[in-house]
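Only one chain is shown below, in structure tokens, and it's the form predicted on its own.
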Amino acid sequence: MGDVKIGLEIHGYLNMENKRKLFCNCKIDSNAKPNTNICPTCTSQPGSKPMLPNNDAVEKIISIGLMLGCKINNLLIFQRKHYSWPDLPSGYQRTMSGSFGMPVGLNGEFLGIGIEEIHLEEDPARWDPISGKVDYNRSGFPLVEIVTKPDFKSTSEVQTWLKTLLTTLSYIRAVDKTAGIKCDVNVSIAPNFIRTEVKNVNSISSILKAINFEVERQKKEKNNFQQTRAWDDSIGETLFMRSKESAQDYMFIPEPDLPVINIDPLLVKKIALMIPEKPSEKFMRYKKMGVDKTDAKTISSEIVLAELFEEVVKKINPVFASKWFRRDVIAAINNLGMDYDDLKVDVSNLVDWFELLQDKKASPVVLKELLPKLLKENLNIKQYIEEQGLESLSDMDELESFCKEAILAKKEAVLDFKSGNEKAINSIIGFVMAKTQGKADPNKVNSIIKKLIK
């Protein structure tokens, strides 16, 4: 892309246990009927005052700052950011940004990109410009704003960084992943680096398209100036909105209805002790165990998977476990349509499943068939295998007898195999597996059949 500077202002909805708005007790429910979760505070009725900020939101924003290597400030100071828009009933937004603002986190770094600051702020309402209707359910939702420095040089770098950021934040369940993210994108090009801000881009793919379009637009622009533009996904272009605002345009003032809030350093230390190992750190640690790069990346992409895997490898060889974990355990979870956060499997049963597999005490075919049942119903796999008589067929004479029967029954496949068609043996193996109800070891069957038909 040449000499390009790209910065991001990422907004995400905080994922909190108490599911309450930032300055009132109204519930957060994205599926509620319009204007049902509202009160005088979040609709800015005359005389209404904000409560102190939601404690869960404060702790969550501190954990985000720590996860991204920020210095945590010991004071929270909210500002009023003034602008006139139908979704803002008070005419101002309560935020920590602005001329007199003090962000929760400052001067962080994540994957080589500087984090300028991290804010906590309230979301406005939802306005439908076509009908003119406003739904105030969303008014007051707690938002995190992550502001990067203009350190990105390409869309590929932005894409990788954003995906890794979302994975990392999922480790602390910081952002509501069902709500997605909104992003303001700042783009400037050499030689003058006159910044354009593109507002409210709502997906990673749209962010990349907006950057590419803006770079090309600025290259062609003879009289470029600092401005704010909107991304139109339907036509794949940015559209002029207004000349870029300065802080003075928003008339920031300290919020008179909220006191300066002190953050106890002991609280920050407590939260820091609870911050998990980052996905990138887990990925590197798994690779040092000998785990394949693809397996390590997939398993470390979700903290639930990583935690399960780490329990399994306390007893199972990590290289062996990782291959089955990625290809079969994750596939079974996805096929069941289960959310990882809702997975309540007893890890001891999963460890037993891997032990049966590793020690060849049950056929991989049988174990793969039982895996969804184990994940969904917390099946005691060892007990079930024993009660149902599903242990691996270990009598070699009996196994050889089944293989001889298969060779007689599958004469055409035998001839095909002898003629050089390696895949033809699968038909013969399948016959044995059916006869043994899946209890035979396919690798042993393969070896015996090859010896018998040479």
Partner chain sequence: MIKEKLAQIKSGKFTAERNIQEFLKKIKQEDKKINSFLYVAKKEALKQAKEIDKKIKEKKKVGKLAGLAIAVKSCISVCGMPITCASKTLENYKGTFDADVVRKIKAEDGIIIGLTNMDEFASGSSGETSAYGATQNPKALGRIPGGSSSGSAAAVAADFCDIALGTDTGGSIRNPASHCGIIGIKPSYGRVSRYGLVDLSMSLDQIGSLCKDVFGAALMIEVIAGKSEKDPTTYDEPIKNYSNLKSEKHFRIGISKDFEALCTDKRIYKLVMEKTAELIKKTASQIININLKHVKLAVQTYYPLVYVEFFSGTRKFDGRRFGKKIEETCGEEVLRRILGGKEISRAEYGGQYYRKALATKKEIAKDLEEAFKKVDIIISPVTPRLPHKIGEKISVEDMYAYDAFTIPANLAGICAGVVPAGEIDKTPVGLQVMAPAFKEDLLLSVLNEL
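Since the structure is predicted, the reported quantities are computational estimates derived from the model, not experimental observations. Numbering follows the first chain given and starts at 1. Heads up, when I say rigid core I mean the largest set of C-alphas that superpose within 1.5 Å between the two forms.
A second form of this protein, the form predicted in complex with its partner chain, is not displayed here; the remarks below concern that form.
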All three of Gln45, Pro86 and Phe100 touching its partner chain in the model of the complex at 4.5 Å, heavy atom to heavy atom? yes
The one option of Ile253, Ile194, Leu343, Ala272 with any heavy atom within 4.5 Å of its partner chain in the model of the complex is Ile253
Sole residue of Val329, Val215, Leu258, Leu166 within 4.5 Å of its partner chain in the model of the complex, by heavy atom: Leu258
Stretch in contact, per heavy atom within 4.5 angstroms of its partner chain in the model of the complex, of 54-62, 403-411, 33-41, 418-426: 33-41
Is the gap between Asn25 and its partner chain in the model of the complex 4.5 Å or less for some heavy atom pair? yes
Using a 4.5 Å heavy atom cut-off, state whether Asn224 contacts its partner chain in the model of the complex. no
Taking the shortest heavy atom distance, is Phe354 within 4.5 Å of its partner chain in the model of the complex? no
Indicate whether Tyr136 is a 4.5 Å heavy atom neighbour of its partner chain in the model of the complex. yes
Relative to its partner chain in the model of the complex, which residues of 64-99 have a heavy atom no more than 4.5 Å away? Arg80, His82, Ser84, Trp85, Pro86, Pro89, Ser90, Gly91, Tyr92
Align on the rigid core first; then say whether the Cα of Pro265 has moved by at least 2 Å between this form and the one not shown. no
Honestly, after the rigid core fit, is Gly132 moving at least 2 Å at Cα between this form and the one not shown? yes
